[in-house]
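Only one chain is given next, in structure tokens, and it is the form predicted on its own.
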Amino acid sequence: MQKFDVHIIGCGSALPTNRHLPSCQVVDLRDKLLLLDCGEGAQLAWRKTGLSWQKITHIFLTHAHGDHVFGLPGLISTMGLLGRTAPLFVHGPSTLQTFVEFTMAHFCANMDYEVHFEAVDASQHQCIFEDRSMEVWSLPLKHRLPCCGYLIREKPGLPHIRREMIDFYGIPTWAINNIKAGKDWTTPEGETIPHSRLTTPPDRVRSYAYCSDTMPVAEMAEWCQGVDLMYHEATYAEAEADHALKYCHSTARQAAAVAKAANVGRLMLGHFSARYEDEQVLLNEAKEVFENTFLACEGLKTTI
């Protein structure tokens, strides 16, 4: 099965602490690196992953709050210093366009690569990027300004060839791609060997949903139905539910209710308020609603 890993660079909220950095994640899908948000300190924490900055092709930003974007100017600059030539695509709500353009004009001018900003309509659930192996969909969130999460989903692959059957029938190499695409094989004697006998089903399509920062969104149950892994902000415990409502965030219990309604495989909690010395209280409250829940932490790699 192809690689599909989520690396946590930072999972804290607005105030950096000795335990957590602001929001930043890397999704490694078949060696294509997608960056989700880029909070302050992302570069230093990134080095611990062993991943290459130069392999980042697309950056997806959720909204124009500093704890999600203050690391971007430094990262763009470092890529230039390292000799990057491949273009970089930055996606996010239109409220971030001025920030990206200012960064390029004042701190990252005259680099040997281009940075393209792609505005995302944060009010619409739609496919905003795709290539041969994946799709990225926007997830409208409810926050204090335009904000969207992202759903990353593999595209269905081709069936796997049964090598022993290929050898048994003496099928030439040039015919294998046709068989993967659904063609049958006819032997020199005129016998038709069905495609289904020569292949096994393709790998199951996997998916990851990134939801930060937001109040609970009822439509998420439909948009993210059955995803393998959901990251959902859990800034507060139930005792601080009034703060969650005031600042348009979620409690851990609310995050778990979203995951349960969406029938996800696993739930990862993050975007923790700096008030908590130990996030176990958040985990305990979430598990009462959705058992298959765990806490994000810097340096964590989760394989889907």
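In case it trips you up, residue 1 is the first one in the sequence shown, and so on. The shown structure was predicted, so the numbers you read here are calculated from the model rather than taken from an experiment.
One more form of this protein, predicted in complex with a further copy of the same chain, exists but is not displayed; see below.
**Q** Against a further copy of the same chain in the model of the complex, would K246 count as a contact residue? Criterion: heavy atoms within 4.5 Å.
**A** Close contact is absent here: in the model of the complex, K246 is far from a further copy of the same chain, nothing within 4.5 Å, heavy atoms only.
**Q** Is A296 a contact residue for a further copy of the same chain in the model of the complex, using a 4.5 Å heavy atom cut-off?
**A** No.
**Q** Would A262 sit within 4.5 Å of a further copy of the same chain in the model of the complex, counting heavy atoms only?
**A** Close contact is absent here: in the model of the complex, A262 is far from a further copy of the same chain, nothing within 4.5 Å, heavy atoms only.
**Q** Could you confirm whether W174 comes within 4.5 Å of a further copy of the same chain in the model of the complex, counting heavy atoms only?
**A** No - in the model of the complex, heavy atoms of W174 and a further copy of the same chain never come within 4.5 Å of each other.
**Q** Using heavy atoms only and a 4.5 Å cut-off, determine which of A86, A218, L82, A109 is in contact with a further copy of the same chain in the model of the complex.
**A** Exactly one listed residue reaches within 4.5 Å, namely L82.
**Q** Heavy atoms within 4.5 Å of a further copy of the same chain in the model of the complex: which stretch among 161-169, 218-226, 179-187, 94-102?
**A** Every other range fails; the passing one is 94-102.
**Q** So which residues in 73-90, when you check a further copy of the same chain in the model of the complex, have a heavy atom no farther than 4.5 Å from it?
**A** In sequence order, P73, G74, S77, T78, L81, L82 come within 4.5 Å of the partner.
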